[in-house]
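Take a look at this single chain in structure tokens; it is the form predicted on its own.
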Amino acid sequence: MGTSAATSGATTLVRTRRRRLNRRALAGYAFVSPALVFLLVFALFPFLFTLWVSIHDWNMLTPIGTMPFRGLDNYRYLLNEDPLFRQTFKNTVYFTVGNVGLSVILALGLALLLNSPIKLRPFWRAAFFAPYITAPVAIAIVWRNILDPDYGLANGVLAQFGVPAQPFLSGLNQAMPSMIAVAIWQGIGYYMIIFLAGLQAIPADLYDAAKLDGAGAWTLFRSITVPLLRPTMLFVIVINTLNSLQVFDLPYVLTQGGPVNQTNTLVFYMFNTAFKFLRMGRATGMAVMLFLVILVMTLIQLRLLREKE
């Protein structure tokens, strides 16, 4: 009888604990459910809808239920029959490589400079960061006027040094480098702040110990700064790559994709295809392929730059 009563009591205790755990689990699900609903409604559903539209032909004027099914024809057309898609993809890669590569180098250089004891450090940090918090459209309008080949300030300054007027945004060979320069000017302050945070998180004792062993400035940078900045550099490169692959505002305001599509990026072409030519199926096909490119590049960067365990 004593054993039976003990067993019954243990069973009751287990059931009570399970009920308590179930109540706690329900409370946890209740707190998490708004975020899950938000994720499903504003992230997962639009993505699935994009995939669905990409295999149909839709002009946004007819009901969704009447969209003609096209299968992989939109993807096949973009890859095999649309030379402008291939050109915009190359332009986007060109812009991304130039912007990311130069931004990382210059931002790190500025961070190293402003992390040293120089005069007016708070002022310089604020000055370099200010363009990042300015509206991109406003920045593009200002730089479009500065780089104007006829009355722009840039050619006015060059004329003072006897340099002929340059076409800048209207030149076939200068339009994309000019747009990259504007993008670097806009974003370098943000990445500089991120690198500054990473530099200030490195213990000073490591540098002091290395200096006692006779290490020079280059050795300190190569052996201490760069390895310990690996996570920060990974963040900067990944975020800058994502932003560069999705650039839209700069080509839209600066050049409208010209001259002769030299600055026409993938997102800008996607925008024109969807809202100007009303070919939403092809535009969503571009969006899906851009998503795959971003995913692959992010995974490669995480693989190459992740911190060694």
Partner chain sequence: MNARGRIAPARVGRGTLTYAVLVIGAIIMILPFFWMISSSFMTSQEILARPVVWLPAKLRLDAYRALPEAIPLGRMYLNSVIVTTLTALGILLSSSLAGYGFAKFEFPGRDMLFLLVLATMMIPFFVVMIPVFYLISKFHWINSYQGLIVPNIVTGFGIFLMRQYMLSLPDEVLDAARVDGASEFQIYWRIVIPLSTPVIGALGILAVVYQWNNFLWPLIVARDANMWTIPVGLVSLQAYASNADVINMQMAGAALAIVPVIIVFLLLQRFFVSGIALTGMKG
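Residue numbers count along the first chain shown, from 1. By rigid core we mean the largest C-alpha set that fits within 1.5 Å across both forms. The structure displayed is predicted, hence computed values, not measured ones.
What follows is about the form predicted in complex with its partner chain, which we do not show.
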Notebook entry, point to check: So which of 170-178, 85-93, 70-78, 189-197 is the stretch with heavy atoms within 4.5 Å of its partner chain in the model of the complex?
Noted result: 189-197
Checklist line | 4.5 Å heavy atom contact, residue 55 and its partner chain in the model of the complex | finding: no
Next item on the list: Examine residue 298 and determine whether its closest non-hydrogen atom to its partner chain in the model of the complex is within 4.5 angstroms.
Entry: yes
Check: Counting only non-hydrogen atoms and a 4.5 angstroms cut-off, does residue 203 reach its partner chain in the model of the complex?
Finding: no
Check: Does residue 261 reach its partner chain in the model of the complex, with heavy atoms at most 4.5 Å apart?
Finding: no
Check: Listed by sequence position, which residues of 34-73 have a non-hydrogen atom within 4.5 angstroms of its partner chain in the model of the complex?
Finding: 35, 36, 38, 39, 40, 41, 42, 43, 44, 45, 46, 47, 49, 50, 58, 60, 64
Notebook entry, point to check: Does residue 33 move its CA by 2 angstroms or more between this form and the one not shown when the core is aligned?
Noted result: yes
